[in-house]
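Heads up, the chain below is alone and in the form predicted on its own; it's given as structure tokens.
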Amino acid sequence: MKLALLASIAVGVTTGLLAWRERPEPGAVPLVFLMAGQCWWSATLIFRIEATTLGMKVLFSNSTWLGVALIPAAWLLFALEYGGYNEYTTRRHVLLIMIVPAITAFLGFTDQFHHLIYLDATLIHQDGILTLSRTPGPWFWVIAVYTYLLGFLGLVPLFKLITSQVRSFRGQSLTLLVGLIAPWATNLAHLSGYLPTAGIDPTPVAFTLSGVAYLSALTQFKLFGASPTPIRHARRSLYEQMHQGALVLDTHGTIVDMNDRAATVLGTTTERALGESLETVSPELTAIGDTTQHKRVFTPKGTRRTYDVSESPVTDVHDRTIGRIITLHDISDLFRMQQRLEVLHRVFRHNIRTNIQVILGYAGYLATHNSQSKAETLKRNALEIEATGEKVREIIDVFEEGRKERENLRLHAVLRECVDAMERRYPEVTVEYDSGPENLLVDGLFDIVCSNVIENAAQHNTSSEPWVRVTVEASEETVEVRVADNGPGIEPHELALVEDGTETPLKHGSGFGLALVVWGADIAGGSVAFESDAAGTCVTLEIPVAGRVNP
């Protein structure tokens, strides 16, 4: 037996030294302590066998508990680090795990004063060998249960990796499993009385096989050279950091997991949503899930964001559906651009086609009749085509600007220039301008937006005494520019065009000015609101303040 114990110490020391060289790889330090515990147990058993007096045998027997108590704690910490469960190996968790081993080691060295581990100690001759016979005390069973409990817990990460697709991980896990089971089975057989070892616990002998298994994992399967530790963290990190919102539902529609992105989209937090049904958290998204479409669009209530909703089932190894994953992909920019292009295409086609039909018809008439009025109509339609083309070019410029890095401009200077230009072009219009704060900076794209709002207010004002009033009101983060006029108001179908973003074939917009204002403000991060009736129109631009300069 002594030769086997010496062999176990030699293998344990070798394995421990190799593991020590692998620091700071996850699991390396706990493996060193695991080997240290095994070697200590084997060494004290050798001294215990060699001792000839009761006192010396008791001394080495009690000293054994230092290694016995260290082994399960080191095993569990090694398994947790190796499997990537580092959240359970913090300083706090290590201290909690080490409480029972520390108490056991202390009780082992002081057992003669309380007899909590052993009730007695006597020397007996058995099979020609002088051995120490001891009756287990209450703490003996406490540490026994604790040891086996930690042994079971350490198996969990290994069992998950045994089925890994990575061959080296399977080999590592199997050899580590052998390293645990060999001394475990030996100790169980000893405690059950099935091994004729003259009362000596032969568990340290099995450490030889255990050490060889760990050594094989280190050398043959690159235990710390191909580590599965990052797998859990990488998957969780990808899940949390993915740009798409993701929710995991069970078969009852209960949210069992979600990333922060999904919580933001649904206007909640993960703490509030987890454990709740999707119908409770987001009835709108639930309604979309009840449709039979494979790809669906979801717009959260009270927002202007649009998400493509995709759903995929979650199945187990028996191909049973155990849940589903819902992903929310932000397609707001693409969706808006598609809407804008559709509106642009329809209106542009309608206006051009209508004007060309008029031109062709009147051109034929003029070929045989000399009509001044028809010529004027023909000219007016040609100018409308030119104006439409010019406005389309402005809109395309706005789209182009939306993709660029833009400079900030002083709002006061922008408005001043727009008002002056309007006064020069429409001198019959009375203008009131209240500039408000003069130190505000705004996105440069609002230059085009403000210009079109103010120009439209004057251009379409058919009042006998037209006036336009421009006022500015600033808060800490935004500034409101209101442009009011006493014109005829905006036709409802024109507002529907720009507010809904779509139109029917029978309800075409007659111009692009409003669309340019709405889309330009949206691209620049602002918003537009219209109040219009027969007495006039008030357009309110809400513009983010990009900064302030000294007056």
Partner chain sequence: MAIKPQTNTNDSSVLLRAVPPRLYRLGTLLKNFLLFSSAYLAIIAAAEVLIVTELLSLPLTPAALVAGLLTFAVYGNDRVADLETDERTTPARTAFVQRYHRLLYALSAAAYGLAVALAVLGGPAAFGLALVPGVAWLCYAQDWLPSIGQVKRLKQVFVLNSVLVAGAWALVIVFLPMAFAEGPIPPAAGVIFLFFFLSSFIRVEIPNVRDRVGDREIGVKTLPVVLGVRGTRYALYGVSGLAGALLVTAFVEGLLALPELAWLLVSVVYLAVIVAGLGRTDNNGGLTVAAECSRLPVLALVVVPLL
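If you superpose the two forms and keep the largest set of C-alpha atoms that fall within 1.5 Å, you have the rigid core. Residue numbers count along the first chain shown, from 1. Predicted model, so just to flag it, every value in this text is computed and none were measured.
One more form of this protein, predicted in complex with the partner chain, exists but is not displayed; see below.
Enquirer: I have 354, 362 and 392 flagged as a candidate spot, so tell me whether each of them has a non-hydrogen atom within 4.5 Å of the partner chain in the predicted complex.
Expert: No residue of the spot touches the partner chain in the predicted complex.
Enquirer: Can any non-hydrogen atom of residue 9 be found within 4.5 angstroms of the partner chain in the predicted complex?
Expert: Contact with the partner chain, yes.
Enquirer: Within 4.5 Å, heavy atoms only: does residue 535 come near the partner chain in the predicted complex?
Expert: Residue 535: no contact with the partner chain in the predicted complex.
Enquirer: Although the partner chain is absent from this view, report whether residue 43 comes within 4.5 Å of it in the predicted complex, heavy atoms only.
Expert: The answer is yes: residue 43 has a heavy atom within 4.5 Å of the partner chain.
Enquirer: Report yes if any heavy atom of residue 13 sits within 4.5 Å of a heavy atom of the partner chain in the predicted complex; otherwise report no.
Expert: So residue 13 counts as contacting the partner chain.
Enquirer: Can you say which of 488-496, 61-69, 45-53, 518-526 gets within 4.5 Å of the partner chain in the predicted complex, counting heavy atoms only?
Expert: The contacting stretch here is 45-53.
Enquirer: Listed by sequence position, which residues of 396-415 have a non-hydrogen atom within 4.5 angstroms of the partner chain in the predicted complex?
Expert: Contacting residues: none.
Enquirer: Would you say whether residue 215 is displaced between the shown form and the other one, judging by a C-alpha shift of 2 Å or more on the superposed rigid core?
Expert: It does shift by 2 Å or more.
Enquirer: Taking the rigid core as reference, does the Cα of residue 534 move 2 Å or more between the shown form and the other one?
Expert: The answer is no; the displacement is under 2 Å.
Enquirer: Quick check: residue 19 between the shown form and the other one - does its CA shift reach 2 Å or more after fitting the rigid core?
Expert: After core superposition, the displacement of the residue 19 C-alpha between the shown form and the other one reaches the 2 Å mark, so yes.
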